[in-house]
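Just so you know, structure 1 and structure 2 below are the same protein chain in two forms, each on its own as structure tokens.
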Structure 1
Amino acid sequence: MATVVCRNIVKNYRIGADIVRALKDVNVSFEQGEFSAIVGPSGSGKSTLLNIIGCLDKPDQGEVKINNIIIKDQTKKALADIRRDHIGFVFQTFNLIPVLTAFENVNFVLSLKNSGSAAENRGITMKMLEEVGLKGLEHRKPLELSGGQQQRVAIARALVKEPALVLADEPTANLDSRTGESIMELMMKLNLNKRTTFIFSTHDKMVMEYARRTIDLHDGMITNDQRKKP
């Protein structure tokens, strides 16, 4: 079963009198457990596509399905609930809540779901932080962590709720290459352990190497879609 189905996605931006055609009829699906990279130069439409898949933005035309839920004509509230229940995000700039500790940043996401007892959620959070290699740092605030550590917290935050899908928009772009590699290794490990679907965007050769599927995006169109042989 496909986790994500995108059919005939069109997205235009209007800047004054000009229309920027950010996505032109994009068709793509992602199977459960896939580890895919959307690759393309800056301005090719990667973020736009990920935002639409992530229910943060709406396409002008076409249809998106996540876990068989049709993301169309959903209310704002319903979209928030879909994101909460099915989608984890990892951002280029980490985007941790600065007033919360590493532990709280991760635990907060569980509290939004209102499932599980507080004690259970604490246990899940600690286990998740351990999995991303942050044991002992859980009481630090984001500013007391390095970039790589912050991105690990962000990955823990995205995965702690066991979403169907994790979206990572250029997750290593703000990290040095060695830290970037360790982040990619972490994501790959989690993908294998949990069979969570990962979609990340990048224009970095090194990062592409990790992907088992590479989708080339050029001027809002998919020009190539290739799976690595196992």
Structure 2
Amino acid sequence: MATVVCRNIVKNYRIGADIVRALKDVNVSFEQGEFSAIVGPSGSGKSTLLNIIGCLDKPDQGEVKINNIIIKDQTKKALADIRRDHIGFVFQTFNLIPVLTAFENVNFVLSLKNSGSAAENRGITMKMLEEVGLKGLEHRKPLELSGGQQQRVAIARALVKEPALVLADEPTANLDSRTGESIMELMMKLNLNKRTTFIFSTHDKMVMEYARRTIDLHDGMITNDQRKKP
């Protein structure tokens, strides 16, 4: 399961002599199985909030709890274990390993978990690459793929271990509309069948339409939090 609670989150960045107030006393929580989008203009704090939820960054003030685990109390190793076992990430910049093929980038995640045999992991990896539309491209390295194809590898890598929580930063930014819709359908299927919690940051109206909850973030503050009627 994946429940997330953020209480009184404050995050500041220093740029030269200036202090940028990225998040200002943010309070928000997510229940298991949510399919939510954090929306707002560039610089509103969307990516910062995702990074804090994903244990990649720490708030200056406030508290984050994932499944009742207080994140600030955890060691670096414990945080790494949480990210490895329970959280899937989709980054705007893909963050693929350039010397590995598409297959190897995705399969590597399963090998870290040590949850199945090599043969089982190969089968799971190939199935996931096919589901994101990369059948036949599994042996290409990132630089041999288009931006959209690299994004699909990143999405496959995030979903292949069936994490309890998926954090996706602009997941459709480099995809055409048809591929974007297929990726959102795949994510929604996993959300419904596995009760995987999805939190997106996005400018994409299509992602907002798929989301069952939209959270507006402006200048580091939540200005609206709306759930769609069933």
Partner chain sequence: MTQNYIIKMAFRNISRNRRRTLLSIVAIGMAVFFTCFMKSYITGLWSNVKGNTFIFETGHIKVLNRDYLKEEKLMPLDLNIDGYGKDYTEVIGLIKNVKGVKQIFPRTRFGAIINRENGMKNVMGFAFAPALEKPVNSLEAKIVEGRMFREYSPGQHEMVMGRAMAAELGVKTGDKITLMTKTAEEGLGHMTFRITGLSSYGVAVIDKSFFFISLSTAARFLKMENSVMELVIFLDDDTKSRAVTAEINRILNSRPGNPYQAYSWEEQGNGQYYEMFVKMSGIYNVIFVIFLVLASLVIVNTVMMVIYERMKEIGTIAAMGMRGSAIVRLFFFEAVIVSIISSFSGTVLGGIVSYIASRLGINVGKLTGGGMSIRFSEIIYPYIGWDLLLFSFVFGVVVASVCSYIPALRAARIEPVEALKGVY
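Predicted model only: the values in this text are computed from it and were never measured. We call the rigid core the largest set of C-alpha positions that still match within 1.5 Å between the two forms. Sequence positions of structure 1, starting at 1, serve as the residue numbers.
Compare the two displayed forms of this chain and pick out the form predicted on its own. Answer to the question: structure 2 is the form predicted on its own, whereas structure 1 comes from elsewhere.
Check: Is L100 among the residues whose Cα moves by 2 Å or more between structures 1 and 2 after superposition of the rigid core?
Finding: Yes, its C-alpha moves 2 Å or more.
Spell out whether the Cα of E162 moves at least 2 Å between structures 1 and 2 when the two forms are superposed on their rigid core. E162 C-alpha, core-superposed: shift of 2 Å or more.
- With both forms fitted on the core, give yes or no for whether the Cα of I71 moves by 2 angstroms or more between structures 1 and 2. Not so; I71 is displaced by less than 2 Å.
Mind pulling the C-alpha shift for L129 between structures 1 and 2, with the rigid core superposed, in Å?
On core superposition, this C-alpha lies 5.3 Å from its counterpart.
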